[in-house]
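This text opens with one protein chain seen in two forms, each one given by itself as structure tokens under the names structure 1 and structure 2.
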Structure 1
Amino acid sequence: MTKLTAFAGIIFSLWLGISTPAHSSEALTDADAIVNRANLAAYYAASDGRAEARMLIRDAQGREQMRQFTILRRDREEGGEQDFLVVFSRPADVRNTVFLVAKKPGGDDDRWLYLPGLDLVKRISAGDKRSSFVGSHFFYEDVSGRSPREDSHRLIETSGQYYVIENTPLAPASVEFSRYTAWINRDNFLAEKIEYQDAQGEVYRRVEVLQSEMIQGHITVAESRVEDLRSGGETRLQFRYQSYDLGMGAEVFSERSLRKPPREWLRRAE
């Protein structure tokens, strides 16, 4: 069966080769390998990076909220533990609030929040990774990545442009979905669309990449959107001024940066 799919994939890509960019290699057939490459492409580009981000959160009634922040990331190991520092600049009441995360795939993340008004470094419980990130329709896991080890993966289709992977959670009680389907771009391994299904098999949540670009040789999301198809709310997330391989040290992701955000890395390059 897998051989057949691979063969069909090669034919398909040859046929589409005229109108779409040539694929870098022949179609992969191992779902785990595809998901691992997608995970690396989405969350582990280079060894560190910075980006400015803004979110537009819109509820079903059309009421809008904005969040704006600068995000710094450093990989402790490729595909493994990572550190994130998120410094908010908008709205005004959360300005200078800082969020520090040590991501532990397969375990509970360490999370801290700095509240500047009280000069308080608060440790927050790892809690549910599938709960809202700063009030948006994105979950923590959408922002920092879901470990491929938490799902089983099945390649259900290989089209000219996409690997279509069905993902089933290994611990179904720990998540709100019964399965999700990811459309992974064959050229750059970006998961361009992910649809989450409930127990009845109905799609209730969709995450899409709306725009991406190559930056320093890494495919990079410039805009994405998550839709809550049940409530009708959605959040759009834009990234700007991304850069990679800045040479940030481990000390950037410490209590010092919570209380005194590292301007050296937060400033936009001249």
Structure 2
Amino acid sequence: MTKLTAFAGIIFSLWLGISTPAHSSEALTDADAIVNRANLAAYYAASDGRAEARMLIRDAQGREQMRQFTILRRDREEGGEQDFLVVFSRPADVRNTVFLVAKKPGGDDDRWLYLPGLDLVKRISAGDKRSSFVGSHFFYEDVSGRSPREDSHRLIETSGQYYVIENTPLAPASVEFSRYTAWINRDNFLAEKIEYQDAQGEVYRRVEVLQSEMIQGHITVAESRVEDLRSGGETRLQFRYQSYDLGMGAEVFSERSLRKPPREWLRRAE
């Protein structure tokens, strides 16, 4: 899944697939170029994708909640606008809850949440994009990712395995972090770890890839984790039945799908 504060959403979205680039023996030195490659690889591999996800939320007291959902993604253009549809199936109190995103790089994404118990479509404001996604430690913004254009990027280290990029928001009042650091794998441009710092420089949030696998020629995240280092809580995401290039049309991601999700795309192919 599948690109991170440019990297903020990458761990959530990396299931969408990372194309396997040819390894370059010569290290890149342009931070913007590295971030752009990571963004393209994580969010724009293949033209569309489908995955089933299981989310386990654990609070600081060890209490657990589970969420299960299917996520669909379609690119409108390479490196540009995209659509995401998330349809919850379990537990019963969130079943048929639907989250729809129209991603607009360079502007504010459009986000809607359908709450079936109230038969209510709620628009998620730009100011709420970094609030909890369905009670988890992920944010609404994590589903579609944060545009690389919203941050400045600085290459602070190149090791044999990683590019280490420090990212600073251009509009600091709009986010809760002061900066974040991403460890990007030099071979596949996967951001395998991201740490967020507050104004005092303390790391308070960490997201990591725990497992990945090759699917249809794309390295794909199978499990990820986000930790709230202040509270001690965490959320794990496991992805299953992932597939790409399915031929989904624009109608799958219309506002009509909030109340009437596209069952033909939610059913698992036999």
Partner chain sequence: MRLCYRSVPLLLALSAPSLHAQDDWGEDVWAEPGQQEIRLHGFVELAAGGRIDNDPVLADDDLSLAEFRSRLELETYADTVRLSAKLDLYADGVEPGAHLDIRESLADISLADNADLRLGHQVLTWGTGDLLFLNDLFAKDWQSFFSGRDDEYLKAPSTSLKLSLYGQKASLDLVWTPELTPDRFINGERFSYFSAGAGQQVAAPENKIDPTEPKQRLANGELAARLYGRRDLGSGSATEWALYAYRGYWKQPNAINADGEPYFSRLNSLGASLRGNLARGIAHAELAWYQGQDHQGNDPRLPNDQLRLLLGYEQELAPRLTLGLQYYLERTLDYDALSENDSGSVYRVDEHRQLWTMRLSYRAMQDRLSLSWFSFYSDTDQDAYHRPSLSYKFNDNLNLTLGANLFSGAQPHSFFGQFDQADNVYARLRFSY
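Definition used throughout: the rigid core is the maximal C-alpha set that superposes within 1.5 Å between two forms. What you see is a predicted model; the values in this text were computed from it and never measured. When a residue number appears, read it as a position in the sequence of structure 1, where counting begins at 1.
Any idea which of the pair is the form predicted on its own?
Looking at both, the form predicted on its own is number 2.
Answer yes if the Cα of residue 258 shifts by 2 angstroms or more between structures 1 and 2 on a rigid-core superposition, and no otherwise.
For residue 258, whose C-alpha is compared between structures 1 and 2 after core superposition, the shift is 2 Å or more.
Is the C-alpha displacement of residue 91 equal to or greater than 2 Å between structures 1 and 2 once the rigid core has been superposed?
No, shifts by less than 2 Å.
So with the core overlaid, does the Cα of residue 135 end up 2 Å or more away between structures 1 and 2?
No, residue 135 moves less than 2 Å.
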